[in-house]
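Presented as structure tokens, the chain that follows is alone, the form predicted alone.
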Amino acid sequence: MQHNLKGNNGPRVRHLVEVGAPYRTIGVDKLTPIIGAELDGVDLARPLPPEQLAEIRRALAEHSVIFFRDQVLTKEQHLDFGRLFGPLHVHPAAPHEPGLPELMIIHADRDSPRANGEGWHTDVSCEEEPPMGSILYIKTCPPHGGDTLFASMYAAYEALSDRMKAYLDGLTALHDSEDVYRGTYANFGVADKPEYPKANHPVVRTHPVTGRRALYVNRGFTRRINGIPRDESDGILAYLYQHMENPLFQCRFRWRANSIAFWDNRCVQHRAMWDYWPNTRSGNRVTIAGDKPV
């Protein structure tokens, strides 16, 4: 099935949706034709039967970000769910729960100088082996606001012209976290490290599971495209950032208490809206280790 979407001044998006066998153990309600699905019939506090776990994996591959409502998990259960998908990643800068380095604290209230993830980004793309996915569990929500936006980098890549795809093919870019992390978590009492990660990655990466190509540069960490003049790099990156933030490529998730979002960092960018001050939004994030982009 092919969906053709066209904005007034935007690119035509051709998104091929694979029609597979129906799901047997979970309900899947798509947020948009391009990205995102809410799953039901799942209790993540209980051991997942193999067939259900396989269908959750499939839903993540097909929709890039999946959501669960009304989940009541302990810290250990949150970590255990993440471990079903691979070894866990430890954030290079952010605060974590005491004694649980893999369990990142996500918290903003009236006294916070900032909130996590306010700009478009891919989690920790500055590392040589960036995370495969992130599982965010929000337990305290503001009465209004605090939504998270997710954008498909598959759709962003596929909507580029053939000439632009050919230009980007084989290029790499520097991802550097120095300006992102230094001093950022001082309000949590986190001391700065002597240095923070940086790495070079392809501008376009191939997903190791789906085989689809996705843009892999982001405003948060990407500093320049390698091997071309700096002004050319700045111009190309500015174009790509504006292009990939097209609402046609996005879904928007409205949080409720005890909701979970699980996104694939290899093909998704996200942005958390801090429009709820002075109210509180709080929870934890588990991040799954990944591999080097190719």
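Note that residue numbering begins at 1 and tracks the sequence as displayed. Not measured: the values here are computed from a predicted model.
Although it is not shown, the form predicted in complex with succinic acid (SIN) is what the next lines describe.
Trainee: Among 211-219, 115-123, 198-206, 162-170, mark the stretch whose residues have heavy atoms within 4.5 Å of succinic acid (SIN) in the predicted complex.
Mentor: The contacting stretch is 115-123.
Trainee: Is Thr148 one of the residues lying within 4.5 Å of succinic acid (SIN) in the predicted complex, judged by heavy atom distances?
Mentor: Yes, Thr148 is a contact residue.
Trainee: Hey, in the predicted complex, is Ala155 touching succinic acid (SIN), heavy atoms inside 4.5 Å?
Mentor: Heavy-atom contact with succinic acid (SIN) at 4.5 Å: absent for Ala155.
Trainee: Although succinic acid (SIN) is absent from this view, report whether Trp263 comes within 4.5 Å of it in the predicted complex, heavy atoms only.
Mentor: Residue-level check for Trp263: yes, a contact with succinic acid (SIN).
Trainee: With heavy atoms only and a cut-off of 4.5 Å, decide whether Leu136 touches succinic acid (SIN) in the predicted complex.
Mentor: Taking the distances in the predicted complex, the answer for Leu136 is yes, it comes within 4.5 Å of succinic acid (SIN).
Trainee: In the predicted complex, do Ala272, Arg281 and Arg285 all put a heavy atom within 4.5 Å of succinic acid (SIN)?
Mentor: Judged in the predicted complex, Ala272, Arg281 and Arg285 all sit within 4.5 Å of succinic acid (SIN).
Trainee: With succinic acid (SIN) left out of view, choose which of Ile106, Val190, Leu88, Leu100 has a non-hydrogen atom within 4.5 angstroms of it in the predicted complex.
Mentor: Contact check passes for Ile106.
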